[in-house]
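Below, in structure tokens: the form predicted alone, a single chain.
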């Protein structure tokens, strides 16, 4: 296994290894996970690579423990990540809520597979999209990123760590079996990454409250457990000092804060690629591995003389509404191909202007959606 500080040049690697190396490049210092197809090789790569970089990687007894260990490690000062799939993300749900309530930086990789339940454990799908947004009780905003290639898996994992530290939130990377277990030629050193974001800690001697903010969108500084400050941490409703409260006004103030710090930054969090065509009648909106078929479908449709634009989303949540509305402007038809039964199409329908037709191209039989299917079912013939 290569050390991460060594420039490797062009390599032939799978998406799960790229995720691990993106995490280490971002400064990940702790990983806990439990084996589950198709995420298991993330655990294996972490066990091999992370200790050599001064970090700790461990196999927990189950998914619930994996999340708990990562929350503890993060609050003690380590950048932390876990990875799972299918039923595992369901088991993560309660502790994801705890991470939201405790404002805990954390990266969660969900390598999606065909569901529901055990489903087809070795087959791909993208059926966890809406579940990602509403993964825990309370309905508070989430950040979720969706790579389409091995290179993007590396880049978006790095960015996920930046976002988790910047906003003190859990961030989900929505990979899937096709990306994570497919090998591609990629030069990770050639991928342009943003500056590394480190968590903001209180200055020496500074008076500290774990959830202090002056305005709702302000992100509190974070003092490591075991350091200078005594810190309260609870899953129950609490005030800025972390003490339990039943005061409706204080509870609403905290809820408004958890919401505002993400929603106010929606445009900054938004990652997307817009490929417009002048006077386009149709827009194809895609994400994840299906966006690769969508790109081919758009090229073929244009070769046939069709006026088609495309919008590829890398940020799914918070919904990049400004980018979507801008791309939709002026088109009569919006095609949304998904390896599920139409989950993100609901967001597009919500934002589409009156009179615009929204067409879903949906398949959930464990096989990829082909460019020909997008052309035929999307009315691009």
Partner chain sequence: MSNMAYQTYMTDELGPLPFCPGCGHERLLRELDKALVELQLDPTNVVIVSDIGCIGLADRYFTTNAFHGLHGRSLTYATGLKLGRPELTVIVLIGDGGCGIGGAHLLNAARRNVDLTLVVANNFNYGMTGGQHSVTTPSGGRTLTTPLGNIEGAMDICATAIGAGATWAFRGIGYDDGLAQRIVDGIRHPGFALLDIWELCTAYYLPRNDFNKKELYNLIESTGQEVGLLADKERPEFGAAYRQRAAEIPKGKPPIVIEPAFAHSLERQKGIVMAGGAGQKVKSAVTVLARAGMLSGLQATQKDDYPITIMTGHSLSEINLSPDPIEYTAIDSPDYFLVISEEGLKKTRSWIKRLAPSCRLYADDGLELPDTEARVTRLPLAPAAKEVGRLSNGVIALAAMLQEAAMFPMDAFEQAISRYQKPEIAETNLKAVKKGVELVS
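Numbering follows the first chain given and starts at 1. Because the structure is predicted, anything quoted here is derived from the model rather than measured.
Unshown form predicted together with the partner chain; subsequent notes refer to it.
- Contact with the partner chain in the model of the complex, judged by any heavy atom within 4.5 Å, is made by just one of 118, 234, 137, 252: 234.
- Residue in contact with the partner chain in the model of the complex (any heavy atom within 4.5 Å), chosen from 110, 293, 114, 282: 293.
- Among heavy atoms of residue 362, none comes within 4.5 Å of the partner chain in the model of the complex.
- The closest non-hydrogen atom of residue 368 lies within 4.5 Å of the partner chain in the model of the complex.
- A residue is said to contact a partner when one of its heavy atoms sits within 4.5 Å of a partner heavy atom; residue 178 meets this definition for the partner chain in the model of the complex.
- The partner chain is not drawn, but in the model of the complex it has no heavy atom within 4.5 Å of residue 40.
- Residues of just one listed stretch (61-69, 321-329, 308-316, 343-351) have heavy atoms within 4.5 Å of the partner chain in the model of the complex: 61-69.
- Shown without its partner, the chain has 224, 225, 226, 227, 228, 229, 230, 231 in segment 215-231 as residues with a non-hydrogen atom within 4.5 angstroms of the partner chain in the model of the complex.
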